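Take a look at this single chain in structure tokens; it is the form predicted on its own.
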């Protein structure tokens, strides 16, 4: 038992970013265990998903053609069957809404220890999981007992795998007659609505309480128009009703991993940082030189946003 099995995640016909991040995490763990790295994809367009997931880090891909979207009972049964077939040391799942739905059931059925929300995993004769607690203010390490275990990983903590690999792809058949009928997905509705998914944006301009008044948001919208960026915000802006919930970045909003994240008038509270620290490049504009956002920013401008932003717009127009 030294292999690692990771179950990818997709939604509405598209693989989610955590699927590629999980490949990186799983490969690292498989190397430490000295085993092979297996990736599974359940339901939906599994053949196309398998082609996209076939990166150099993967040794084998298993496709389970069962339904179109996530279903608790199907995912639980399929994952248990895959686990019985591969017998891995580690079962790695996304710590997402879907992952948190079925991972506890799988761990319980298999009788395995389960560590959630990992931001780091390491194996050196035993599994050690790094987690964040108290609103990401404290980082803890947890030693997991047992030769086999389940761990769910937080999105945005590992680099996304990319490139073409030559892993063997095989269809995995399991007895669906044994799938429980306790629940069935009837449809999909995006909570918060809206026509923009900030999770897909490559350049986010995010505004915080430094904008002072709702009418001042037009200045930030002008900057987005000039730069081609997508507008997002910290929680106070959403709480004030100035932007819809689907624009919120942070622990209670969306986790984002854009190429560029421009934080304007955002102090850098841990709850906000938890949602954007995976950005490739972070730029901050804040009048307070001691604002925590500067601790994680790659570039910083100490100044009044009402002076700096118009100057930026002039440069890009």
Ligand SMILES: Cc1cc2nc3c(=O)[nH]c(=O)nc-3n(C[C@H](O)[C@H](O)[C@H](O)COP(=O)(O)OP(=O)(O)OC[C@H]3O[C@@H](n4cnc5c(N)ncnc54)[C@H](O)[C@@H]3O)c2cc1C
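Numbering follows the first chain given and starts at 1. Owing to the predicted nature of the structure, the values given are computational and were not obtained by experimental measurement.
Beyond what is shown, the protein has a form predicted in complex with this ligand; the following relates to that form.
Contact with this ligand in the predicted bound form, judged as any non-hydrogen atom within 4.5 angstroms, is confined among 24-32, 280-288, 43-51, 56-64 to 280-288. Using a 4.5 angstroms heavy atom cutoff to this ligand in the predicted bound form, all of 210, 271 and 306 count as contacting.
Using a 4.5 angstroms threshold between heavy atoms, residue 79 stays clear of this ligand in the predicted bound form.
Contact between residue 265 and this ligand in the predicted bound form is found at the 4.5 Å heavy atom cutoff. Although the partner is absent here, residue 248 sits close enough that one of its heavy atoms falls within 4.5 Å of this ligand in the predicted bound form. Contact check for residue 155: every heavy atom lies farther than 4.5 Å from this ligand in the predicted bound form. Contacts with this ligand in the predicted bound form, taken as any heavy atom within 4.5 Å, map within 230-249 to 234, 235, 236, 248, 249.
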